[in-house]
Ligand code: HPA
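Only one chain is given next, in structure tokens, and it is the form predicted alone.
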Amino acid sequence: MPKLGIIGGSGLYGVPGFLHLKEECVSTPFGEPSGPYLIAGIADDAGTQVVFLPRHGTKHSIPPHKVNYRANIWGMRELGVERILGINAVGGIDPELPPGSIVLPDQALDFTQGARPSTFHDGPDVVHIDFTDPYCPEIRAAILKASQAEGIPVTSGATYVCTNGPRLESRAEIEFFRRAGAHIVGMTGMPEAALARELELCYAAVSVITNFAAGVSAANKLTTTEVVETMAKSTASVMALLKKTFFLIPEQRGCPCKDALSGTRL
């Protein structure tokens, strides 16, 4: 049974270099996921399988505020996934992080609260998960080891701010987020990470900076074209990083994620 999952963001609708084995359709109590889940094998180890799902659908037909995050995460668990890597195309708020940079965030700011279904626990059970550290330390450590082994530069430690979209942010909003401590901005990182925690799944984000955010550079207009083009250029590095990461993640989970619901119910 597959144990590792990948959720692909803008510009990443498949897993090039992996062995495509089959597709699985999953129905959930929360509706339909973004599409069929692709079961794939790592080319040099067909026995190691991953489950891939394009967050926006195979034809990018689902805008960020309409993604069924609950169904996507629930479906991953139904297929036996215990660890998820979320790939995100993001804007760079920190001028020291130029387009093309791969960033491994360790904190998150959520500005989608109330705009999207963000929990599996709407009652009658009242559950408060600990979200002090949003991303799995075990997966993050494996990604950093993989980056060193493959010679792929990765910036570790950044705060990801999630906006609702689908419009891009104003110059003032980006300045506000910068003052709040954010380094990168996207529209899909939340509630995805929190939902994974609620199901006691491990989750880490790999963010590819595809453009500078509003007001950070001299560009007068932000375009989706540069997002897709930059992600396409980064895909080979991201896939190589993920492949190596899968071999460095411990077989048995030793992180707090697997016990996330302990002591959370009132």
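Numbering starts at 1 and runs along the sequence shown. Since the structure is predicted, the reported quantities are computational estimates derived from the model, not experimental observations.
Omitted from view is the form predicted together with the ligand, to which the following refers.
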Interface check vs the ligand in the predicted complex: of 62, 222, 42, 26, the one with a heavy atom inside 4.5 Å is 222
The ligand: the contacting residue among 134, 86, 75, 91 in the predicted complex [heavy atom, 4.5 Å]
91
Can you say which of 106 to 114, 182 to 190, 141 to 149, 77 to 85 gets within 4.5 Å of the ligand in the predicted complex, counting heavy atoms only?
182 to 190
Does the ligand come within 4.5 Å of any heavy atom of residue 213 in the predicted complex?
yes
Since only the chain is shown here, I'm wondering whether residue 154 would be in contact with the ligand in the predicted complex (any heavy atom pair within 4.5 Å).
no
With the cut-off set at 4.5 Å between non-hydrogen atoms, does residue 168 touch the ligand in the predicted complex?
yes
Is residue 204 near the ligand? Define near as a heavy atom within 4.5 Å, in the predicted complex.
no
